[in-house]
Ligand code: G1P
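Next up is one chain by itself, shown in structure tokens, the form predicted alone.
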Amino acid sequence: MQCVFVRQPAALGLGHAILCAEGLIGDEHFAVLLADDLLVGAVPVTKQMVDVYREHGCSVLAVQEVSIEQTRQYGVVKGQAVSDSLLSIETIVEKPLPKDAPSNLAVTGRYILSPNIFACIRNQPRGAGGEIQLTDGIAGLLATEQALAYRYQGTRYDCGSKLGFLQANVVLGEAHQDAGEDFRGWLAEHLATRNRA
């Protein structure tokens, strides 16, 4: 495996960060995995999405239902059902207020994107928070290409929050192939000791 790093020179948004990698990607579809969203499935979620891409040949966004009050924290999509787990995206909005949200389907930090996204990002004005938003680039892409929202099979841990980070550590620690059994024993003993105190 070859690893190449590109530094984003200024914090101008996710769209800008992706634009910084254009020279590495060229004209191929590519995956984006946001590190603060940990998605765990029996079949890795990115593999699930690659399988969807191979079948449909277009951009794919991982989505999950959230409460309508949480829409202000996410990019939110609306579309027409293709199957139980897929929607053809018609609308995508970045961090809408609950009253303005087109649905409660939130994008969860995994994307497979067409290389045409680069031109869309480059030619858009700054969006929410004054940043160059990936969501706005995807909205531009929808004018010429299909993109699918995929309800993945798995669990999401929001590692951008303290609680989500701690939950992910406990769940993955318990499941760890080498240390899981010892960790489960320690955790049970630790909780029992705290409950007796």
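No experiment lies behind these values; they were computed from the predicted model shown. The first residue of the shown sequence is 1; numbering continues from there.
We do not show the form predicted in complex with this ligand, though everything after this point is about it.
Chemist: This ligand is absent from this chain, but in the predicted bound form, do His29, Ile121 and Ala139 each have a non-hydrogen atom within 4.5 Å of it?
Modeler: The answer is no: none of the three residues contacts the partner (heavy atom, 4.5 Å cut-off).
Chemist: Taking 4.5 Å between heavy atoms as the contact cutoff, choose which of Gln48, Thr135, Ser59, Gln64 touches this ligand in the predicted bound form.
Modeler: Answer to the contact question: Thr135.
Chemist: Does any part of Ile112 reach within 4.5 Å of this ligand in the predicted bound form? Heavy atoms only, please.
Modeler: Result no; Ile112 lies far from this ligand in the predicted bound form.
Chemist: Wondering, does Leu14 line up within 4.5 Å of this ligand in the predicted bound form on heavy atoms?
Modeler: Yes, Leu14 lies within 4.5 Å of this ligand in the predicted bound form.
Chemist: Test of understanding: in the predicted bound form, would Thr108 fall inside 4.5 Å of this ligand by heavy atoms?
Modeler: Contact with this ligand, yes.
Chemist: At 4.5 Å between heavy atoms, is Leu34 in contact with this ligand in the predicted bound form?
Modeler: So Leu34 counts as contacting this ligand.
Chemist: Select from 86-104 the residues with a non-hydrogen atom within 4.5 Å of this ligand in the predicted bound form and write them out in sequence order.
Modeler: Contacting residues: Glu94, Lys95.
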